[in-house]
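Two separate entries follow, structure 1 and structure 2, each one form of the same protein chain as structure tokens.
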Structure 1
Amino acid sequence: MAQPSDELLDPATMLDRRFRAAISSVLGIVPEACDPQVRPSGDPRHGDFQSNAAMSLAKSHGMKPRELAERIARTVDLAGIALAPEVAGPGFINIRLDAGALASMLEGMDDARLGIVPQRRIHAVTIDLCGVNVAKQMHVGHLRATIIGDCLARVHERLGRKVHRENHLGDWGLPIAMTLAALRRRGADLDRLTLPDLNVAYRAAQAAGADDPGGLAAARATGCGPHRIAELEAQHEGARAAVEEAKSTLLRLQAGDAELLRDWRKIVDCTMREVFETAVILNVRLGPEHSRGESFYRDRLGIVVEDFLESGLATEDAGAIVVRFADRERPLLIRKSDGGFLYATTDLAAVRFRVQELDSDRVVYVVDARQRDHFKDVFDACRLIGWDRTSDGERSELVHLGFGAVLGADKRPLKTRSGENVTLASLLAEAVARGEEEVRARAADPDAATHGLSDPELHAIGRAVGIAAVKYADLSLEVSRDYVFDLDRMVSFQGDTGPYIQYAHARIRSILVKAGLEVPVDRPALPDAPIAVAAPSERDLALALLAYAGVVEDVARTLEPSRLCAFLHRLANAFNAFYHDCPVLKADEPTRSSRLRLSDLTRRVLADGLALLGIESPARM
């Protein structure tokens, strides 16, 4: 078995480096200023890759594109990677990889790392994900914040980074105090409280605090009937009393009232039970150790305001404290005129904590795109005061990864028939049911790999398929895009879907089992034979496999899980073409052993890539 290498076993990356050096030598410019424009070839007859750099560089250097391309082709050192490059047309450079080099690269990635080179960074990465509000059920919007964040955390961890998952709970403030006060007022048994009950109580408390002072003033001014005025006056008095009671409750909470804190903790625990149960269903790594709420920062908010005032970056405006920016009219309000703090104050404290105390040189907030302006203001304020630097002075990258909406068939945000937000629990229950329905229908075929499995086994596979369908459909699109939730398309075993990738993995495992090989979770006892790349489909599969490490690094850089999904779909297609064109079990030795190794390497890359998406790889489907 080949020894692990610290060089990325990605032909595109290797060619980029070689061509960058050649262009630098020919034009006398620094390598960083040279974009080799190495891309996969659009026509395999012309090669595996193509460099188009000469087309864009020639004019600015007083040369003809073909002349420059020929000089680059003569200069570039492709020893151990490719055959001599060929110049075509007005200045395209075609590159065909050496078959022996391809085989050697595959041997190099055929270990536990699968070609992925760990990043040696001393700082951590923080991913803000999920972001639930206490006393409210998770809705479909939390799906995106949770699974996108979990995927990006997994990718950074796979690259060797220390990752802090941070579930920023809305667990403090007036709305929670209002709910708590209402529950205590009516003598609710908080030990038996369910989240649906709590959700109803939250809405009722909000309604009780709703006031319409404008309506009351208008009714009095226009001489509305006494009944209407009396009704509005009662609403006004009731709302005022509810708000005052909530404020009193919040003050006691802030002062550390033991009895109130105990009841508040029960509300938080009631909410988080469903969150953690949902995380298990979604195969998301999220537990109590990752959940840090607004309450965690409550003693830091005054310090935030004081530091901004002392630094001269905040000013008083009609009793409120604001931070102003030179390039926009809107200020950032960090303390209200009544002394109350805001979400922005908490977020400023959180950024400071995550950068300086969690020592993160990258902080990614996976939050609804509609919060763009809020995070721009918060991040810019942190940069002004210097809270975007780690303890050793390194600047931290602060990123708001804004995601689009999940839509219904009417192309509007997904709602129930009554107009309510769809709860995440109901959506996932439907997905699991549909996945199980598909699996059981296939298991009815006597020739199916799942035929004869027990009900619990079929249920487990169906659950994996249903969750894969939902997660892949979401993650396979650009994060910022809206998408239509369509289970019929999502659970299909054909096309660009999660179940299609899972099925490709299960199919390869079946091939290995038929070859008489035991297939544990990690590695089967494969024959000790070299990998050969001869047939065109073998070559295509090799090229697809070798792109894996580069894709994982690309996902970490761009924060776009869709690139990993596209890779997995491309790899599954490449394997299916290989299996169709290149007999595996019926091939003669040593070709049979080589193709078994190639098949298993594909299986492990598919499983590893699915795991980065938080998707299971069932052994049979």
Structure 2
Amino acid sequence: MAQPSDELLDPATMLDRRFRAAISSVLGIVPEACDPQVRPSGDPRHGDFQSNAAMSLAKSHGMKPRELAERIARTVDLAGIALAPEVAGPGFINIRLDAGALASMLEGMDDARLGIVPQRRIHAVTIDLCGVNVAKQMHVGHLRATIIGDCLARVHERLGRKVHRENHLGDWGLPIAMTLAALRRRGADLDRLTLPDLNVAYRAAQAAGADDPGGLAAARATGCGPHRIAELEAQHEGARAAVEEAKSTLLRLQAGDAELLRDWRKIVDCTMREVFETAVILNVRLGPEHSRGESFYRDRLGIVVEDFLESGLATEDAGAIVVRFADRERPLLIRKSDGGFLYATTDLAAVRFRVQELDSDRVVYVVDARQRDHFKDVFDACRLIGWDRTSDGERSELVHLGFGAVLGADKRPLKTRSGENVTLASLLAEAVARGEEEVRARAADPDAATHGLSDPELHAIGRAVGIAAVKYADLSLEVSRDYVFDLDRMVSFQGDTGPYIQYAHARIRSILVKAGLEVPVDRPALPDAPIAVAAPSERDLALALLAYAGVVEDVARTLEPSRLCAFLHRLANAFNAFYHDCPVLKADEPTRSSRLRLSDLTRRVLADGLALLGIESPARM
């Protein structure tokens, strides 16, 4: 029985249902067991969609593929959706959608939802993103952890899911204690501390604590002079002293020393000020309410180890506590021989908290791909002990979305000329400057839509363009891959770039304004005009638009933002071709209104999709 909302569905879903029913009927099996393999056609000559199920199902049912395809094609009910299907080749079933059906499906999606159906799920989703370290400036790695995580959070939210954005700060432990001890020792004014100062102090403290027994041994073995050995011994002693001081600072901090905690808070706040400023520049939704660092879990670590010991999953090994796995040599250390906890312990506590207390049936870690082994171990440990179950027993999906490195032109991790890590702040400043440069150059043209705009307006557009360039370039690639950071390519307004999509949006908006329409951000500009789909490029545009909801669902399912970018690029291309072929403002009614409405729908899908990527859609550029 057809649902009342049936007509709101996209063509792929409708065809899936109809073919599922037909295959079920032909083969005498339940619909759930039939995958109709409905796919968009690669070649327009084969129609709009195809079902490939007959070829793979034929053998197991003792039929010839072609014969099965014929029977499915005769049986399937495509009334109101498509023309009669045609069988081709070894058993492809080709489908051409009906123009009237396309029009009514478009009218059906032309509201604030844009065809997206909210997922009714009782559990939440947790996205671990950003992952900054206190006392350290953000670098390019944080760019990816932040924007990919923000995009996935937005996509899940768009689908009606409750999302917890968790910024798992590195705000606890020896390195922080070391930095704190060093700053206090030299009497630094923590109220006037800047992040670069703090960063220098952090690195100095790290260097002071750097023990180099290997170097010492090597120096002895290779017969270095006594001066060199004495120097290394002194460094060794100095490092031990620094580490001892840091350890005692950490102990006092852990014991709740009020003065230390106050100072600790100051360096945390100093770090986070930059994080939140960066979030604003990046157009990422990340605030203090999303910060829950390692310190949050500090009182939950002991019980983690105890529970693993009690369950028999953890054993002692050379004084340390480890969890072993049946299928690999590598154990997971959860307590050091000196009784201290490790980051794995914190991560175990965090998974447990996120699944059980944040009630998440999905926990996504947007973290550097190099930590793949670590997360595999942590997640497996959680599954062994049952911490991947929500309180009502639902199994939670634990997934590490490991992203690749950002490389420089030399294919090596991005560095400045002097060999320093590139800070995120400097990288974004350059991107904004480049975006602004492009926008101002074009605004100089007296015919440009941006000509005569005020300085702050041009700056705002330039910023949106520069940030879009960087984010789109990142999000449009497969997450796990490394990529070369090339600002020239990214800010280009041609090709598969953020600015190109933004341009398509601004251009459409300008057409609607020229038609004298009000152009609301997220509502139809002309909700009542009948849509007609006639010209080939109109059809292409219609098919692209109708794919939107499915793409958003795919992105949530696969955690691949690049699919959304590919969709937006296809849609912008389809619109540009349509715009070239089909006059809008100069067409006669009712074609004019139909095309205006198609344009308006395109405009809102582009803006909605860009918003899911965390990219702004300027009205003019």
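Note that the rigid core is defined as the largest set of C-alphas that superpose within 1.5 Å between two forms. Quick note, the numbers are simply positions in structure 1, starting from 1. Treat the numbers as computed from the prediction; the structure is a model and nothing was measured.
- Only structure 2 is derived from the form predicted together with the RNA.
- Core-superposed comparison between structure 1 and structure 2: the Cα of A556 travels less than 2 Å.
- Residue displacement note: L596 has its CA displaced by under 2 Å between structure 1 and structure 2 (rigid core superposed).
- Relative to the superposed rigid core, E32 shifts its CA by 4.0 Å between structure 1 and structure 2.
- The two forms, fitted on their core, place the C-alpha of A54 2.4 Å apart, compared between structure 1 and structure 2.
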